[in-house]
Ligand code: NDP
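Only one chain is included here, represented as structure tokens and corresponding to the form predicted on its own.
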Amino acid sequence: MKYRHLGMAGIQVSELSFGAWVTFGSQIGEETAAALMRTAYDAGVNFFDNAEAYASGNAETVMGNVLKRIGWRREAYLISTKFYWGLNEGVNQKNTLNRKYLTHAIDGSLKRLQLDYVDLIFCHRPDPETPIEETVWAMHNIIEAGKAVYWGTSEWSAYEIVSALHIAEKHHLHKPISEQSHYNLFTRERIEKEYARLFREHRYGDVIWSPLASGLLSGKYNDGIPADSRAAQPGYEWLQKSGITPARVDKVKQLVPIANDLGCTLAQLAIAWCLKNQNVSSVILGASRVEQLQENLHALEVGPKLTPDVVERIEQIMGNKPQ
């Protein structure tokens, strides 16, 4: 495992990290979650991602129970969580980044995770109804209270991120240090184009989610929708409608010969491709089985095989490189 700095911060995160989205607290229980986290940790993963909203808080509860059971040294791993969606109905309780909500949200997450602090808190989405200055101050205060070490953004526009950076600089507050962005062979525009100046001029970090496009780039949907796949789960009907289209599946099939030539799986190829982008601090992996996670961790061995010629073959198939 190799490690990269998270943007301009001194903290280093493993190139591959492990996240709880979709699986923890819904698809899998504590025993499987513990096996997966141990597998990741033993491979050198030091960064584990979560969110208040995942499985309505249950994902944090599962991860917290696993961490307590395993008993790793707290200095040896990093935990992140995210706020915005909320867990309760009602005004000031969901879809917001106002100070009151954030003050309650961090306390709830720490209780579920059974931790004194988390290493990184993300604003899970931008909030157009709360002044960015209020959110920046609230995140700063959470860090000053010792409940988090760093903070960042998730799916914010470059303009919103730069605004937050300028506000923090003006008032000498803790700056956001990293994005958490959707990035894969199909979704490239924001990281490769919109954020270009952000990376260059502010050395902003980025940990990316869904490197396999919700499983599409693993090839699991090449012959239809398996009954046990994510796309077949209740609440993910949108994935079949907008994500797993015939045109996209066709492109995935065209990538198979490249993976075969490199002696790797489609999933390993897609993950290794994400890591070729040096603006990516870490790629968040998700898995419901240990074997699946072990396979994806071997993507690190594929990176050196992605020569310029191989990358060009991939670009010819995808045809979506931002200009």
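For every residue, the number given is its place in the sequence shown, counted from 1. No experiment lies behind these values; they were computed from the predicted model shown.
Only in words, not in the display: the form predicted together with this ligand, which the text now covers.
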Name the residue from N279, T39, S288, N65 that puts a heavy atom within 4.5 Å of this ligand in the predicted complex. S288
Can you pick out, from S178, S109, S218, T135, the residue that has a heavy atom within 4.5 Å of this ligand in the predicted complex? S218
Just one of 68-76, 117-125, 249-257, 93-101 has heavy atoms within 4.5 Å of this ligand in the predicted complex; which? 117-125
Using a 4.5 Å heavy atom cut-off, state whether E295 contacts this ligand in the predicted complex. yes
With the partner left out here, check for me: in the predicted complex, does some heavy atom of I284 sit within 4.5 Å of this ligand? yes
Can you check whether A213 is within 4.5 Å of this ligand in the predicted complex, heavy atom basis? yes
Quick check on F186: any heavy atom within 4.5 Å of this ligand in the predicted complex? no
Taking heavy atoms and a 4.5 Å limit, what residues of 76-100 are near this ligand in the predicted complex? K82
